[in-house]
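Next up: just one chain, as structure tokens, the form predicted alone.
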């Protein structure tokens, strides 16, 4: 299912002293199967853009198509859209609210009118897919879980409705390195199972480089780049105006190049970096 954005504009508090242009004439297409990163400095419009995808923010100027749904139409069926486009906010554990984990995960499917006899199986499947033991956590209060478990339960609550598109706003915020890797590996697993398209906001360029096949860069409410991670990070000058840094392996390989060790291409992951460096050192022997 394709997402097409045409001339999207959005202004907070228009015609007041607090007027702020958040999105200025944004146009691009997300193809089914993309894992796309949306990056930019704080206040560049990333979250505002993504909240348009399931109509948490309604369109004031421009058009968005999600498959054959017209998000700018007054006849838009919000239930169908929000079942199709799952949204996970920053610190998703704050989305938990029910008395038990099972009730929390079942809320979405029930709210979307799925048959009750199916909802229990969907909740069980979603929790186990996120790595939680259904029998061990189903009757617990979500607030009894550890931080990592809460985030997994929140993810389960979104994916239980089987969205085709998953939007993640800073999915690893506040986690330690191991927790970050576990959540990103989970997202990759979801993509391989039934979520067709992933849209991920992140300030972590290492995550964007490793997990995304495309990257959109916003700066001061405008879309300035729509390209691949390798193309973007191979030209660090492009990021200077945004205040963003390149991934760590890109920075290290640039330092090596300045010191006379040219790896020949830009690595995006530590595995690529090690492989290129090993090959380069072997050539010198």
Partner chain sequence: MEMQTENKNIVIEIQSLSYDYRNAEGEPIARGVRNVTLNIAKGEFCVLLGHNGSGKSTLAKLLNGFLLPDEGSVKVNGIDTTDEKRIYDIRSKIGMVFQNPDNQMVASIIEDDLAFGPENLGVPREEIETRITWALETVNMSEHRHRSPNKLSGGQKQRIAIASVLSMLPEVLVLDESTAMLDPKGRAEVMETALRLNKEKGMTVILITHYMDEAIKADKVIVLNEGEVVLTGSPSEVFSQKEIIKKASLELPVATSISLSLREMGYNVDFSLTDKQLAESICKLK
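Residue numbers count along the first chain shown, from 1. Remember, it's a predicted structure, so these values are computed and weren't measured experimentally.
One more form of this protein exists, namely the form predicted in complex with its partner chain; it is left out here, but the text below deals with it.
Judged by heavy atoms within 4.5 Å of its partner chain in the model of the complex, the contact stretch among the candidates 134-142, 90-98, 72-80, 106-114 is 90-98. A residue is said to contact a partner when one of its heavy atoms sits within 4.5 Å of a partner heavy atom; residue 180 meets this definition for its partner chain in the model of the complex. Contact check for residue 61: no non-hydrogen atom falls within 4.5 Å of its partner chain in the model of the complex. Of the heavy atoms in residue 276, none are within 4.5 Å of its partner chain in the model of the complex. When its partner chain is considered in the model of the complex, residue 51 lies well away from it, no heavy atom lying within 4.5 Å. For a residue to qualify, one of its non-hydrogen atoms must sit within 4.5 Å of its partner chain in the model of the complex; all three of 249, 260 and 282 qualify.
Checking 176, 118, 128, 185 against its partner chain in the model of the complex, a heavy atom within 4.5 Å turns up for just one residue: 176. Listed residues 124, 191, 203, 150 were compared with its partner chain in the model of the complex; 203 is the one with a heavy atom within 4.5 Å.
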